[in-house]
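Shown here is one chain on its own, the form predicted on its own, set out as structure tokens.
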Amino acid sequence: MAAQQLRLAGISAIVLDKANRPGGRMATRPFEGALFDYGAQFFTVRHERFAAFQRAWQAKGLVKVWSNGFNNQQDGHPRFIGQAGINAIPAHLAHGIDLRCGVKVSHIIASGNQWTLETDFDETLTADALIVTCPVPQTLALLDFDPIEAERLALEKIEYERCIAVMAILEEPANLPEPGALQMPNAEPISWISDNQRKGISTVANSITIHAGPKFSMDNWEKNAEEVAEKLLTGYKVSAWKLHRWKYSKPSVMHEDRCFVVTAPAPLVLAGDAFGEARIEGAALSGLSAAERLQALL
């Protein structure tokens, strides 16, 4: 979102991502012929600025409404999903951007009035300004300088929950209520379960995604995958499964502003779903805010 705004303003931007595709927790992957959303499951819209993007995406056939609620409860907020999985949205946003995947930044170094970025491949890049959107603890570990105390303390207050996700193909239906999902925000060990075929992104029947609750995820974080999957799949007959660990799945303590300008020799703005509000919409609005602040700083 930030890079597209900068591009429209005539500012050259490069996006570096350590993964092999953009999107982070807006993650979709194939497994055993099925397609799974295994991070973020949907998004809602509460702000008109983000609604304009949602309407454009919907008009292009990129997103569609899945439901207006779960557990037989309707709250008036449509849940939007990607027609081909949630990752279709960041993939669409990447069009026209100088995106470099598989590049892991190891150090961010202040060099006069510029930034030098070192990568794990011993590559060096320079930039006049930076927007950093990875989880805040990772960002602080990358910086080669200490932010001023008040800023460091504010950033160190931000906290995240962990989440263990399991993708599985069942031999029998999971018998989930309409529209094919159960949302249990405060439940343990499972807080979410959905059927990706009934969701409309997978052609394989009984391809489910399970999210463990934050307590279970923390308590079982270091345990081997087989042991964890067995606990989460108890009661199901499973033909195949795969496990993924989200260390920074959801911010539990956020910063009140939509982005954060770090006092530094050159412009440095932090953004993401830990700033302003969580959820996909919060991350998108944070990116737009970061782009605006960076333009002002430049």
Ligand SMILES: Cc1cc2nc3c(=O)[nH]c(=O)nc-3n(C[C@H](O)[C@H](O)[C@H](O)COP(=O)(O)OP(=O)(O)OC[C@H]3O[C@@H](n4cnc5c(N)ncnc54)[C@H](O)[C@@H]3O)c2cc1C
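The model shown is predicted, which means the values in this text are computed figures rather than measured ones. So that there is no doubt, residue numbering starts at 1 and follows the sequence shown.
We do not show the form predicted in complex with the ligand, though everything after this point is about it.
**Student:** Is it true that Leu16, Thr133 and Ile280 each have at least one non-hydrogen atom within 4.5 Å of the ligand in the predicted complex?
**Tutor:** Looking in the predicted complex, the three residues Leu16, Thr133 and Ile280 all sit within 4.5 Å of the ligand (heavy atoms).
**Student:** Examine Gly39 and determine whether its closest non-hydrogen atom to the ligand in the predicted complex is within 4.5 angstroms.
**Tutor:** Result yes; Gly39 sits at the interface with the ligand in the predicted complex.
**Student:** Could you confirm whether Leu125 comes within 4.5 Å of the ligand in the predicted complex, counting heavy atoms only?
**Tutor:** So Leu125 does not count as contacting the ligand.
**Student:** Is Val105 one of the residues lying within 4.5 Å of the ligand in the predicted complex, judged by heavy atom distances?
**Tutor:** Yes, Val105 is a contact residue.
**Student:** Taking the ligand as it sits in the predicted complex, is Met26 in contact with it (heavy atom to heavy atom, 4.5 Å or less)?
**Tutor:** Residue-level check for Met26: yes, a contact with the ligand.
**Student:** Here the chain is shown alone; which of Ala181, Ala168, Ile89, Cys163 has a heavy atom within 4.5 Å of the ligand in the predicted complex?
**Tutor:** Checking each option against the ligand in the predicted complex, the one that comes within 4.5 Å is Cys163.
**Student:** For the chain seen here without its partner, which of 200 to 208, 221 to 229, 169 to 177, 133 to 141 has a heavy atom within 4.5 Å of the ligand in the predicted complex?
**Tutor:** So the stretch in question is 133 to 141.
**Student:** Do any residues of 241 to 277 have a non-hydrogen atom within 4.5 angstroms of the ligand in the predicted complex? If so, which ones, in sequence order?
**Tutor:** Going through 241 to 277 in order - heavy atoms within 4.5 Å of the ligand in the predicted complex - the hits are Trp246, Ser249, Lys250, Gly272, Asp273.
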